[in-house]
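Just the one chain here, laid out as structure tokens, in the form predicted on its own.
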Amino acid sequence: MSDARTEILARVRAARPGSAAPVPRDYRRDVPGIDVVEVLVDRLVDYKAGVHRAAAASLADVLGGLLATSSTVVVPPGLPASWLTGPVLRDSVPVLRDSVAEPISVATLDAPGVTVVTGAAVAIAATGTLILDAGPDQGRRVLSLVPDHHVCVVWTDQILGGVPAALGRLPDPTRPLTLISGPSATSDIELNRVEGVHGPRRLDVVIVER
């Protein structure tokens, strides 16, 4: 067995080129001629996500309305406090802020009625995908994967047409990425759709003009 393995690996090495093969990079990097905001909205609605439009001044009120029925709201360490100034969050719903020193437990995140609010790094209009890169307003991946309800805030200048353009906008592509295209859903062999198996059952996206 060892001799056979050695021979196979030797043949592979001999067949490899002496230098790296050139990789063409002249592919289309974006999708020209589309309204990226409207295309993203269309894709998200098709994926059964809730879509809400807001101005920067009304963001806290829009979020307050989405979070009114939550038992607890979880936020990453760097989520702006100004997003959480609506009357519902001030008076009724407790807010837990994750931190390195005191990380929120998986059991807490998985409790009934928990909603997580995050930002996004970028969004891809053509595929209806939100990309989270563990930035300060997005936090650990577990925050957006365990709770049953995810509310994600996306600014209009974060929306790109295609995948290459969106990946090129990421500040640090080595960060752990979470790509979200609608609520978590899967189907069995009979195509019965089941939501919430691999992530949040509900996804609401708030698109904010900037």
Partner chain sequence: MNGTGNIVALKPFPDAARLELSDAQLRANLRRATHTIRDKRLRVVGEVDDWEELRRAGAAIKDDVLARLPELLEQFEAAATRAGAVVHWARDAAEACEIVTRLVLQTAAREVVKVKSMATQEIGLNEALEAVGIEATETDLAELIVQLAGDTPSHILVPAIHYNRSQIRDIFLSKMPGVLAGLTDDPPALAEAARKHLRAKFLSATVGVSGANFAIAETGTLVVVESEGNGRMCLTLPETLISVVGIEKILPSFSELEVFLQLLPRSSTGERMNPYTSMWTGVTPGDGPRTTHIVLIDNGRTAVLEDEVGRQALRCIRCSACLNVCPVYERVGGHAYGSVYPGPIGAILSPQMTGGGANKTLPYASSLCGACFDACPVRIDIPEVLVHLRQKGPKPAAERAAFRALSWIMRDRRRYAAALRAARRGSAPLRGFGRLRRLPWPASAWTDSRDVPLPPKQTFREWWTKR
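Residue numbers count along the first chain shown, from 1. Under this definition, the rigid core comprises the largest set of C-alpha atoms superposing within 1.5 Å between the forms. This structure is a prediction, so every number in the text was calculated from the model and none was measured.
The same protein also exists as the form predicted in complex with its partner chain; that form is not shown, yet it is the one meant from here on.
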Exercise. Classify R53 as contacting or not contacting its partner chain in the predicted bound form by the rule of any non-hydrogen atom within 4.5 angstroms, answering yes or no.
Key: no
Quiz item: Taking heavy atoms and a 4.5 Å cut-off, does W155 contact its partner chain in the predicted bound form?
Solution: no
Quiz item: Can you check whether T129 is within 4.5 Å of its partner chain in the predicted bound form, heavy atom basis?
Solution: yes
Quiz item: Do A81 and its partner chain share at least one heavy atom pair within 4.5 Å in the predicted bound form?
Solution: no
Exercise. With its partner chain left out of view, choose which of L59, V146, L160, A49 has a non-hydrogen atom within 4.5 angstroms of it in the predicted bound form.
Key: V146
Quiz item: Which residues within 24-50 place at least one heavy atom within 4.5 Å of its partner chain in the predicted bound form?
Solution: P24, R25, D26, Y27, R28, R29, R43, D46, Y47
Quiz prompt | Cα displacement of G196 between the shown form and the other one reaching 2 Å, rigid core superposed | solution = yes
Self-check item: Flag for R16, CA shift 2 Å or larger between the shown form and the other one after aligning core
Solution: yes
